[in-house]
Ligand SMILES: Cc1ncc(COP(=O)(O)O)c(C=O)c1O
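Okay, here we've got a single chain as C-alpha cells, the form predicted on its own, with questions on binding and movement later.
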Amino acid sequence: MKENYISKTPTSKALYEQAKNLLPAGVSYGIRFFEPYPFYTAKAKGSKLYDVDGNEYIDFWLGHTALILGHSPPEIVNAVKKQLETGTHYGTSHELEIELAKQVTKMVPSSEMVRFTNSGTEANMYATRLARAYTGRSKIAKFEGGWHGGYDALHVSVKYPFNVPESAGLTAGAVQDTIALPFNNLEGVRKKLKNEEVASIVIEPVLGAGGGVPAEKEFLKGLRKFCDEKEILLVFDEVITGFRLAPGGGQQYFGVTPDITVLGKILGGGFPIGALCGGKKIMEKLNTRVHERPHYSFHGGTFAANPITMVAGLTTLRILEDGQLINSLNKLGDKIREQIREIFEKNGTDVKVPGVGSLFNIHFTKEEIKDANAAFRANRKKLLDYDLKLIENGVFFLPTHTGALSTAHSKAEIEKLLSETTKYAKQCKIA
C-alpha cells in the first residue's frame, strides 16, 4: 500500500525531506504526521483537498473539524475580502468584537459575556484561571482522554496509559493540582472528589482525541447536579462541539448548561480563534475596572478579537443560527455511523462507530466504547491501516482521529466513503 501512495506523491515526498531539516518531525503539529510521510496540500475548496502532485481527497478531517461549511465558502471569502480593505489587525477595540459577542450570547445558553482568545488552548488556560480566581480554590479536575490543548495544568491523562506524563517539561508543580476523573462514570467522579475541594471540572461533551466518545446525557445531568452540590464550576470545552451539534453547541444538544464554556474552531470561520464565555457574575472577575490586582483574573492577547477572525466567525454563526444546516448534518451523521457499522459487520469484522451529530470515529473492537480506556484498547493498528487505505484512494481522515461532516459534502462523496470502506472490509474478510 505504501508503494502506491509513494508513487502518487513524489513532490510531497521531496517537500517532506526538506521539512525534516526545518521543522521537528517535519511538521508544525505532531498529529499531522503519518507514515510514510504526509501529503502537502496545494489548495482546498468545498469538501476537497488537492495536493502538490494534483491528487484529490474528499476531506473528512476538515481542518481539525473546524470547517463545518467546508473550505473557503463564498460567504466567508467575500466577508474577509471586504474586511482586508479596512484592516487586518487593529490592536484596539472595534465594533466587530461586539457583534460577534452578541451572536455568541444569543446562541450559547450559558453565555452572558464573552472574551476572545487566539486558540482553544488559550481559552482553556484562561477559563481555568478564571475558575480558580472566582472560587478561591486551587485544584481542578478533568477527564481521562479529555484534550484541552497544550496548557500544562490540563495536559494530564490525555492518552492511555493515563499515568504516563503527556510531555517532557511538565513540572510536578504544574500538574499537582489536577485530578483525572473517569468519563461517563458519575460514581467514579464522586469517589475521586469525595474529600477534595476543586475550582472546576472541565469536560468535552464528546471526547475528541479520546476516541470520539459522547458523554451520556444522564451522566452530564448528574455531573451538573454534583457540581451544584459541591459549589464547583462546571466547564464545557466546546471547542469541537460548539456550533456543530446544535446552534448552541453540546449544552443545547444535551440540555445541560455549564457555568463556563470554552469555544474555538467553528467560531473562527476558518481563522484562528478561541473564546471563553459564561454568566456575568463569573465573567466580571476578568474586569480590571472593577477588581484591582491581585483580585482580578488576567486575560489578554495581541491578536485577541482580530477583525478578520471576527468577521469570518460572525458570518459563519449567522449562517448556522437557525439550525437547519446543523440538523441536516446530524441526520446524515446518524446514517453514516450506522452504514459503516453494517458494512464491517456484514464482512465479519467487529467494529464500533461512536460519535454524535456530525462527528464519528471508528474502533475495531467488540467492546462498547464508553470512555477513552475502551477506545485505546481497540485495534489501533487496524484503524491506522484503514485510514491509510482511504487516503491512498482519495478519502482523507487524519489517521486514527475523529472525522466530521461539512455542508459541502455531496451525496456522491459520502457514497465514495462507504464504497471504499466496503472494499477495505472485504479485504479484512479475506485476510
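Predicted, not measured: the structure shown is a model, and the values here were computed from it. Heads up: residue numbers just count along the shown sequence, starting at 1.
If you look for the form predicted together with the named molecule, you will not find it shown, but the lines that follow are about it.
Of the heavy atoms in residue 244, none are within 4.5 Å of the named molecule in the predicted bound form. The named molecule in the predicted bound form comes within 4.5 Å of no heavy atom belonging to residue 126. A residue is said to contact a partner when one of its heavy atoms sits within 4.5 Å of a partner heavy atom; residue 265 meets this definition for the named molecule in the predicted bound form.
Taking the partner from the other structure, the named molecule in the predicted bound form has no heavy atom within 4.5 Å of any heavy atom of residue 219. For the candidate set 110, 184, 119, 103, a heavy atom within 4.5 Å of the named molecule in the predicted bound form is found for exactly one residue, namely 119. Shown without its partner, this chain lists 147, 344, 253, 134 as candidates; in the predicted bound form, only 147 has a non-hydrogen atom within 4.5 angstroms of the named molecule. Exactly one of the stretches 332-340, 300-308, 236-244, 86-94 approaches the named molecule in the predicted bound form with heavy atoms within 4.5 Å, and it is 236-244. Contacts between stretch 167-185 and the named molecule, counted in the predicted bound form as any heavy atom lying within 4.5 Å, involve no residue at all.
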